[in-house]
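One chain is shown next in structure tokens, namely the form predicted alone.
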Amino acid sequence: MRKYLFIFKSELMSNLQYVFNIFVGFFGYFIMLFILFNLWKYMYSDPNELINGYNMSQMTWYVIITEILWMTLGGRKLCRKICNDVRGGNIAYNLNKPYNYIGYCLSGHLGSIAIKGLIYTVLGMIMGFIFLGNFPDLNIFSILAVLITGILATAISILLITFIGLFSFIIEDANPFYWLYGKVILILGTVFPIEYFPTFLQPFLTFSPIYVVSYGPAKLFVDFSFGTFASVLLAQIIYLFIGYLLCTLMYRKGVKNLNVNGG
């Protein structure tokens, strides 16, 4: 565990040098939220009106949280790095390293986005308060629950993207698969809650990664309940285990092919 903490710390310290770039990149996040905020103002004739169980304030905060999770993830960068490691042969240098490649990807990428996630969270909260003039009803436990599920959501996303990147063992370039994954999460998981989709589609979305990587933490932020927290946390633990297992199996299969073909 100490070696992965060291990897996390190393990436964290390295990315402290690019804080200014993070602030510059925040403008894209600001524009996205500004557009969506005006969309909700147009849709809600009365701010207290409920549409599919959400008022205007809840919908705005929901999008703020999901966009924080998505914009800070840096999934394209991670997938491209793994694809390049596989295609360029750099992954072979990790075979004799005293750490697991999956753990290296997870801890390293968490370290590389930690500062960005903190900055986007603080600025996102400030933007939300400026737009709405209020925060959802939160207490210490609900804030802690959102933080825990948010970190787990990010870890699950990293594992899923790592799994996609490791497809480069089988095909030449897995980046198009990430593009498809990203568009599905962005369209179905960030702008609208699951309750906004047709009834027949909601069970599929509930069992999909959308529930654990975007919907769960945002739902807890805007409408916290112990039942929802338990459901989201259990689903995230299951997805975390499945994601790590899939990555490990894909990695071992790829390494076996490398050994068979002489590296």
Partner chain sequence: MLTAVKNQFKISFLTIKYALMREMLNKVTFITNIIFMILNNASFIVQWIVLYSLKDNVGGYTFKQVLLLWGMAAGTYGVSRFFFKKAFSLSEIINNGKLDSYLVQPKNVLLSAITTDVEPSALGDLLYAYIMLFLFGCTFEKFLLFTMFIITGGLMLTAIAVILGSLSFWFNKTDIIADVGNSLTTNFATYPDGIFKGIVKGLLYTLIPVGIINYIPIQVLTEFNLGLTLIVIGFTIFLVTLAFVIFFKGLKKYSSSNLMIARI
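Numbering follows the first chain given and starts at 1. Here the structure is a predicted model, which means the values were calculated and not measured.
Another form, the form predicted in complex with its partner chain, is not on view; read the next lines as being about it.
Q: Would you mind picking out the stretch of 126-134, 152-160, 72-80, 176-184 that comes within 4.5 angstroms of its partner chain in the predicted complex, counting non-hydrogen atoms?
A: That would be stretch 176-184.
Q: If you check in the predicted complex, is L36 within 4.5 Å of its partner chain, heavy atoms only?
A: Yes, L36 is a contact residue.
Q: Does W40 reach its partner chain in the predicted complex if we count a contact as any heavy atom within 4.5 Å?
A: The answer is yes: W40 has a heavy atom within 4.5 Å of its partner chain.
Q: Might F224 be said to contact its partner chain in the predicted complex, defining contact as any heavy atom within 4.5 Å?
A: F224 lies outside the contact set for its partner chain.
Q: Using the partner position in the predicted complex, report whether N52 sits within 4.5 Å of its partner chain, counting heavy atoms only.
A: It does: once its partner chain is placed as it appears in the predicted complex, N52 has a heavy atom within 4.5 Å of it.
Q: Identify which of L188, L106, I115, V146 has a heavy atom within 4.5 Å of its partner chain in the predicted complex; exactly one of them does.
A: Contact residue from the list: L188.
Q: Is its partner chain in the predicted complex close enough to F20, V24 and I31 that every residue in that trio has a heavy atom within 4.5 angstroms of it?
A: Yes: F20, V24 and I31 each sit within 4.5 Å of its partner chain in the predicted complex.
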